[in-house]
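Take a look at this single chain, the form predicted alone, given in structure tokens.
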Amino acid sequence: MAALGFLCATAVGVVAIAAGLAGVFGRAWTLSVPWLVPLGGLELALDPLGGFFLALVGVATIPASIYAIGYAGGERRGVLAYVGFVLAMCVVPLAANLMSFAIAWELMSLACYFLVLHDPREPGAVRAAWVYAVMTHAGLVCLLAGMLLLGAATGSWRFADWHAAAPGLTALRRDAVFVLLAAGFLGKAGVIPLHVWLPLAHPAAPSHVSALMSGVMIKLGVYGLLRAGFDWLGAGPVWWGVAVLLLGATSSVIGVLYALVDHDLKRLLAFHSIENIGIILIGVGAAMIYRPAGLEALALLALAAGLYHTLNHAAFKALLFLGAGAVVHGTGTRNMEELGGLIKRMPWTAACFLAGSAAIAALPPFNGFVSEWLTFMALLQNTRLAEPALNLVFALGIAGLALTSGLAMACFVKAFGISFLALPRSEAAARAHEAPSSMRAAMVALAVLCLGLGLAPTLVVPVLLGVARGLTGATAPVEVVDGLTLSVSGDFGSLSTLVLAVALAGGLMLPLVALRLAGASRRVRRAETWGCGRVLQTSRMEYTATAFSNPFKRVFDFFYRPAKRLAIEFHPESRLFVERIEYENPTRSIFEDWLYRPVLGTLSAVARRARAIQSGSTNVYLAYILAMLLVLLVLA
């Protein structure tokens, strides 16, 4: 029965890809059922942008659902919520009026809440679900406030009417609507400092759900921002783009810094989702700056780069979460300190996780490299802007993106090296087993997709430029030369990942060819791994995740604010003998300490004071009602 549910979700994914690609290539349609719901009824429409995100839902849903057949092992719990989650995500990019969007958005959030609360016995699951519910509904309040304000100003609840009426709105009203909508959508995307739900919810949910949450759901926040900033409100002032670009740069750097010191494999990946959303927003913010400055071609390039990274992140992050789920399935733990040596016991999972690690670290010829290269190409041409202040903003974006790329590389050296190489650090890792065939098939498919998206940018970029052109207009600054090379802005930059891949493969094969030419023996020699001069190797001698991240804690001490905790248990008869030593070096979140805890403390204090008006007396409550009526009459 559970398998049937996941197969239904797979079928929904296939339909989503077909319909989405039809939209991307210009097939448009509208479905309207006015009587079904109030305030305009149900209305759905397909256009290139909606088609792109609809296809994105399908791309992640198919492998995640096939994977779930083996991962869930016949367990029915959560299957209905999973199918509802997928259906709601398909409707969000198709919604064409306020009520359709609000219903689909809320159903998506509600289904996700139940999936996060999949196993209430798991430590942290209840808190994760509670934090997610609070943050998502705070975001919904912002979205509804912005949409109601826009609907009241335009006199319509249809998105197409908002686009037509937006130029007639006052600047103050447009700014207010943009701020409210951006807060709601960016909260769903997990942008700093609205990210607090994300590292809690992703580890609590099953891995195939985490793959969809990270690969698709948070991208619908990006979709909403694109709708608001380019479609519903039209071209906005430059400060919209500056704010988005700086938020993106901040999220990318802080997200990867948090990931570096986290040893929970799924939490590490969750923090990388924050980082990659930041990279996407850098491209989107650059487009929002270029467009009002009259540089529509550069806006088109930056937006296409953001869309490319959106697609790439859906592929490699889904792959990595599925890989992490296979590790949990095979070992029963997410703690990297208890892993190690899995490459020999789980070779398929190790190979797929390595491919995902290379892709997210932007190593050629995988897909992450291409989208980050395009983003750099868009940012580096900011010299065509005449305002030094804007050039400084772009410089911050370039520096943030460069720093993020380097730190992401270090983080995945840790994630793969500590988890899959060396000796097992626990009995669970020593007894690990490979994932079932359906799980392996899903991971291999996503690994192939990551490689394909990296090798074929000459096929993908023109399609994404077509999607972006619907929002920005202008002519594409990218040309495909000889079918193999992307040429950006004339001779500003060019890239051929296929040639790059051949060169890399040749470089790897060169030593083997040289040894063969030198007459080296082809006989395979087996020997122990070199142990740095030590004869006996144990897992206690290995480099740990804590040791790996410690230099970063020292360099970024001002950010992590690590706390040292040392507990020594002496022998009861003599303090000269130590029985047990515990050392902890946890980091603290500045956002929880400096933002959320003070806000929650203030709210709690206000609530305690407000409790005084709850007397339990009917007469007093009637007096409250009378006073409120008088106030309303005076204001009327």
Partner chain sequence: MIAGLATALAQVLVVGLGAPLLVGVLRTLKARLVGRRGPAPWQPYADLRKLLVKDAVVSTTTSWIFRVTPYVLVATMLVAAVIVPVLASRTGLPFAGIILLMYLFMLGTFFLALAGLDSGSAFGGMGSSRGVAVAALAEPTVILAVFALALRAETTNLGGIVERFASEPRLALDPAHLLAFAAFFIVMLAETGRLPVDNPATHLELTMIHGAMVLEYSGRHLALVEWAAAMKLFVFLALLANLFFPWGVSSLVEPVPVLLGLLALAGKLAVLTAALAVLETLMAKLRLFRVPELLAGSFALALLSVTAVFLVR
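All figures in this text were calculated on a predicted structure; none of them were measured in a lab. Numbering follows the first chain given and starts at 1.
Omitted here: the form predicted together with its partner chain. The next part is about that form.
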| property | result |
| --- | --- |
| Touches its partner chain in the predicted bound form: residue 383 (any heavy atom, 4.5 Å) | yes |
| 4.5 angstroms heavy atom contact with its partner chain in the predicted bound form for residue 493 | yes |
| Close approach of residue 171 to its partner chain in the predicted bound form, 4.5 Å, heavy atom | no |
| Contact label in the predicted bound form: residue 479 to its partner chain, heavy atom within 4.5 Å | no |
| Segment that reaches its partner chain in the predicted bound form - one of 295 to 303, 396 to 404, 316 to 324, 121 to 129, heavy atoms within 4.5 Å | 396 to 404 |
| Of 428, 555, 179, 164, the one that lies within 4.5 Å of its partner chain in the predicted bound form (heavy atoms) | 555 |
| Interface residue in the predicted bound form among 148, 138, 510, 563, criterion: non-hydrogen atom within 4.5 angstroms of its partner chain | 510 |
| Contacts with its partner chain in the predicted bound form, stretch 421 to 448 (heavy atom within 4.5 Å) | 421, 422, 423 |
